[in-house]
Each structure stands twice: as structure tokens, then as C-alpha cells.
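So this first bit is one chain, no partners, the form predicted alone, shown in C-alpha cells.
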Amino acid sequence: MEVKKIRTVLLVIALICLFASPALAERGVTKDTIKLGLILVKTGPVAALGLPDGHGMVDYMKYLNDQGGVHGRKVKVIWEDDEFQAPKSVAALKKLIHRDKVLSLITSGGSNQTIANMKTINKYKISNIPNALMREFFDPYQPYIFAMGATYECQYQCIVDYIFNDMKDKNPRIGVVYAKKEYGKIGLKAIRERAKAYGVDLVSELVLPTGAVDASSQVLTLQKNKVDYVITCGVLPPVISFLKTAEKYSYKPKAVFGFNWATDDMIVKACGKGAENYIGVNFVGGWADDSPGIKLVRKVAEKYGRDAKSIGLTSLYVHGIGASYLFGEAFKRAGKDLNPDSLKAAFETFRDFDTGGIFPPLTYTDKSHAPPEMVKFFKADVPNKRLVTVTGWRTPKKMK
């Protein structure tokens, strides 16, 4: 008899442990709370990139809570700093799942961090929006990765299209200044192939390291080669160095272009008149836009005591708001029975979902989590120290 009682007690304990497993539906959700994780750099050399993005994510969830939350629940965000290092990101995800028992992540961070966490993401059904634009995150289909942001190939194809179609130059002399990083190599290849499709070869292909504080040799080479359109494949600091050096040598090409990580008001604030011919592309709306979504972004920023100066990189703050906005909508669509499966299914109901100009309209299905391959163009407004939107959303032109 005693043996039977012991077996019964052990069975009950086993069942309790089973249903308390963090992999099951109840993880991270109570009758009045949703726990979300956030893995994003807060300290170290690239903290300036993570902080505005993360603040945007956290601020929008605060705003959502102040509006009453979602289906009676308030969202609690737990932000883990991975210092932009994959091993620390892996440790952070384990903590968030096993100790904090979060429902999901707003973002798993950059490319390397997300790749390092992919097995865990799939095992625990962690729907999230990485801060990375790798095609491998959606092709082939990844069930819990919801890609957001035009790929590098798309962005550079659109830039070459702009030179030929908007600036109406039939025989442009194009030079590329790129970093020997994955995005730089992808960008160079995409530009080279797109220019070739229009019937021209690149005049110059020059490397500019990410940490460069001077670009004299690159600028002087471009001048010598009479390059009148420069396309940069680098993040903000080296592009700022390039523009300042170009001004120093009175080098004034018809336009200098940059991709999303170098399309921020900061570039005009840092370079002043040296940025007057700068044109950038981005998959988020601009801080000064008059669209409903960007008005909401500015409203949220004001409510929580952030202005453009304190935010720093406003384009990343816009991105952060947008990522949390998508999660807020998914929570609403999932209904009261919120769990990892219903959250994924809710994201997959988005059809041309309109964020009011924060992101382009987007669609997710149970077969594709690909991002909208769309960008807007921005030009420098030097007197007002900002970038202004000069086009609507665009996709690469279909070539014959």
C-alpha cells in the first residue's frame, strides 16, 4: 500500500513538472502579465547602436501598458546585455527561458547572435525579429524568425536604379567604397551586378575599414578616376569619415549614397555642409516624416522623456518602436489564449499590414516570413541638420 502511495505521489510530481516545463504553452503568460525578453547590446564599443533600438522597444511596451495593455495583461520586458558577443547572447537566452520564463523575445540581436541561438529558438518556439538583414533568416523558411528590413541586395539595387532613373544619368561613373565585412562584400557584389545590368562597369572599388578616421587615399583615388557617384557600403562612422575627408579635398561628386545603417540624421549633424550631396536608403520612416506611424513614434518619445538629441540614432529608435508595435499587434490577434504557438500563428495572419509609415506594409504566412523588400530615399537637409524623405516605398526595378 505504501509503495502504491509513493508511486502516486511521484506520478503527481512528474505531471506537475511536465506541465510547468518552460517549453509548454503557459510559459511567460499569466492572467495579468506577459513576460518578454530582449537581447541587445547596452555596453561596449557598439552600445550606441543597441541603446536607441532597445529604448524604442521598451518605450513602446510602456506606452502599450499605459493604454491598458493587451487583453487585460501588461507587458514586462527583461533586457539582457550581450555586449554584441554571441557567447553572451547564448547565455542570456538560457537565462531568459529557464530562469525568467519569458514567452518570447522581441529580438535576439544581430546576425551572429541569432545564428548561435537558432537551435534554442526553434526548440522553445521563440518568435522574434532579429536586428539583422540576412537572407538566410527567411530563405529557406525559419519558423520562428520574422525578418524585418530590406536585404542589402535590395537596398543597393534600388540605389543603382535611382542613379539611372531618378538622376537620369545614362553613363554614370560609379565608384564603391566598402568595408570588408559581410554587408560590404554583399553590397559590392550587388552594385557590380546591377550596374552591369544597366550596361556599365564600376570605375573604382575601394576598401575603407570600419574604424577608419581618414579616407584620404580613397577620396584622392575617386577624384583621379573622375567618379561622380559614390556608393558606400559601410556603417555610420566610416561614412562620416569619408564625407569629412571629401569636404577637406573639395571633392564634390553628384551624390554619395549609403545604406540603412548609415542613413540617420546623425550623419548630417556630424558632417554639416560635407553631407549636402548625401542620399541614403532605409526600411524605416524618417524622424521628420508626417505619417501617422512616425507621429506615434515622436509621441512615445516625448512621453518618456526622449528627444532626438538624447536618443542619438533616431532611425534605430524608430526601428525599435516598430518591432514592439508588431509584437503588440500579434498579442492582440492571438487573443486571450496567448502562448508560443498562438503568437506565431498571430504573426502569420499579417497581410499587407500597415504600420503607418514606421515600416513598409508587410505580410507573413505559415510558409514565408520574408521581409518587405522596400526602401525609402532620404536626402540631407543641411540647414535643419536632418535627412528628409524624398520618395515613397520602392522595390528594385525589374530588369529584362
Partner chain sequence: MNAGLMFFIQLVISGIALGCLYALIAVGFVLILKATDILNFAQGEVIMLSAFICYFLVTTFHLPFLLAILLTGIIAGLMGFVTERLVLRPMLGEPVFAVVMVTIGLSIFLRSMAGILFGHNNLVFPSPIPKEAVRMGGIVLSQTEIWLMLSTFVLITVFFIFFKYSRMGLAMRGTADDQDVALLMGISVKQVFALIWAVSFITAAVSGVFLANIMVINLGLTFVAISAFPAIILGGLESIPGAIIGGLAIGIIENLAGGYLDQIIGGGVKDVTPFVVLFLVLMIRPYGLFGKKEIERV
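Residue numbers count along the first chain shown, from 1. Only a predicted model underlies this, so the values are computations on that prediction, with no experimental measurement involved.
Just so you know, the form predicted together with its partner chain exists too; it's not on screen, but the next bit is about it.
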Which one, Ile311, Val160, Cys154, Val75, lies within 4.5 Å of its partner chain in the model of the complex by heavy atoms?
-> Ile311
Within 4.5 Å of its partner chain in the model of the complex, heavy atoms considered, which of Pro143, Gly211, Gly199, Pro292?
-> Gly211
Are Leu36, His71 and Ser368 jointly within 4.5 Å of its partner chain in the model of the complex, each by at least one heavy atom?
-> no
Of 222 to 230, 292 to 300, 161 to 169, 326 to 334, the segment with heavy atoms within 4.5 Å of its partner chain in the model of the complex is residues 222 to 230
Spell out, yes or no, whether the shortest heavy atom distance between Ser217 and its partner chain in the model of the complex is within 4.5 Å.
-> yes
Examine Trp287 and determine whether its closest non-hydrogen atom to its partner chain in the model of the complex is within 4.5 angstroms.
-> no
Distance check, Ala255 to its partner chain in the model of the complex, heavy atom within 4.5 Å = no
In the model of the complex, Tyr278 touching its partner chain (heavy atom, 4.5 Å) = no
Which residues from 31 to 64 come close to its partner chain in the model of the complex, meaning a heavy atom within 4.5 Å?
-> Lys42, Thr43, Gly44, Pro45, Ala47, Ala48, Leu51
